[in-house]
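Have a look below at one chain only, the form predicted on its own, in structure tokens format.
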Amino acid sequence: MKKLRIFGLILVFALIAAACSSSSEDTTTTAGGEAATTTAAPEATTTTAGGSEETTTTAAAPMEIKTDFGVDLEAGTITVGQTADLTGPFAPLVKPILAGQQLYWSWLNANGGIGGLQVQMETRDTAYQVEQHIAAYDEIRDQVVAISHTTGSPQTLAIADALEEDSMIAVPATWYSGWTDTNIAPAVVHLGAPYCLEAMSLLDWISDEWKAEGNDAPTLAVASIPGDFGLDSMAGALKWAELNGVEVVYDGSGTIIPGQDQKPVADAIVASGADMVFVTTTPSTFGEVFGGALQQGFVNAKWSGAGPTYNPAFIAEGSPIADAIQAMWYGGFYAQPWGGDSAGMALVMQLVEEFAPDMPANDYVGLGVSEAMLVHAALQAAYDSGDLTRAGVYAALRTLDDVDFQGLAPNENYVGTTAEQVQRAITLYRPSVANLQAGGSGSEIVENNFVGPTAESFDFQEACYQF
């Protein structure tokens, strides 16, 4: 069992020393036939939990490093891949994620890399299309040792068998509950609470807000895009309603079709008179549904939905829905939004200041940093074991039972059963024009690491939605 403290692994590179708890020696690598031989025996640090106290042990790193794909010891590089939506519906969210990854890898490389090896990115645009995603993976699969970002659940499921065949880990920018279901896609590694549990926590929060205002029996309307993104989220919302005895006055699961007229969905939500509206779709189609409801005077409901439904552009200057979305939207996120009070976010701010001082505030930058931190943890563990093959990285990842992101994201576990691995915590936020005008991302944090009572008690044994 291994608790892996990210900052403990990279203290030798640390820009904020207070966040760290252990150290390691700088190392370099040289080519030595099929395996590299280190010029020194570096110390690798792991930290294990021991009751209320922690015990830190150090051991010499191996002298030889096994490699196959994506690691070039002679060139001194480790290549990680990204199959990313850069031109499709989620491009406005994915681009800052990849920017966050690039910040992290640039910083790590500037401070020694992984045993002297420099991490580089190999990115392909998938446009959120399944066939293009498959083609992108096929193009880079023999060039990379891991996939540090893959956009979309149907897209990622389409390459899941190939990932498993290749023993290649992939970090999805999708929070389908199947990624935690150990029977579905073992090579795809979860990072953040799944859509269905996110929905439960958000609705716990919103219903409590209504009860504080004197409405003890708020009603619920739901609507979504088809597929796992929408239907996994809807499964959670509808299960929440069942468990809490809440009346569902409109069930529009799977009725939002991007590119089609969204007026019928907006009309149905308005006609339902719901107190709570939970919508999961692309940001552009959400804007159509929400705007269509506003035009009909539907202004008293509290709205929410899965994280990627919301776009910070909704509250930007000139947005016609800025005031309404600020008043009516209740949001959740899978990492700490921009400017949050944690050592992990302090690192993000440091990376931006050092490498991209003109970068605009965006919550998804930190999400990208957390993706990179997770892959770094797996690569470091693989390096420490002397095996930087794809299978070695895969095996190393599956030894990590408490990956600590120092508050940037909730700690994650990749050991044990589905129920033992599932993430339940999210960050609650409210849209804030004042926060945006003050140089923030527009997300005002309400509570970090929030788990609603329904999400906490839910017996999660398998994916909430099955394809």
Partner chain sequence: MMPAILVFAEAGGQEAIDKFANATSSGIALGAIYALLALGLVLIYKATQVLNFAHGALAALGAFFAAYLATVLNFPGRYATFLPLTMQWLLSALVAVLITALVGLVLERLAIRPMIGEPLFSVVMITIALDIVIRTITDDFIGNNPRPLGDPWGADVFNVGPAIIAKSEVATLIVTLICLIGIALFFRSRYGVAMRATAFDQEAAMAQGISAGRIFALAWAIGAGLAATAGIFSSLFPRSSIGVSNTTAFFAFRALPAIVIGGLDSITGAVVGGFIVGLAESYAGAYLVGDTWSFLGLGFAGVMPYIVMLVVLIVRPYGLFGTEEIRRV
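Note that the structure is a prediction, hence the values are computed from the model and not measured. Positions refer to the first chain, counted from 1.
Not on display, but discussed next: the form predicted together with its partner chain.
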Exercise: Ala110 in contact with its partner chain in the predicted bound form, heavy atom 4.5 Å: no
Non-hydrogen atom contact Gly76 with its partner chain in the predicted bound form at 4.5 angstroms: no
Interface membership of Glu317, its partner chain in the predicted bound form, 4.5 Å heavy atom rule: yes
4.5 Å heavy atom contact, Glu209 to its partner chain in the predicted bound form: no
Per-stretch contact check against its partner chain in the predicted bound form, the hit in 232-240, 262-270, 370-378, 335-343 (non-hydrogen atom, 4.5 angstroms): 262-270
All of Ser284, Gly292 and Asn362 within 4.5 Å of its partner chain in the predicted bound form, heavy atom check: yes
Heavy atom within 4.5 Å of its partner chain in the predicted bound form - the one residue of Gly192, Pro308, Pro312, Pro172 that qualifies: Pro312
Contact residue in the predicted bound form, chosen from Asp181, Asp275, Glu288, Asp387 - any heavy atom within 4.5 Å of its partner chain: Glu288
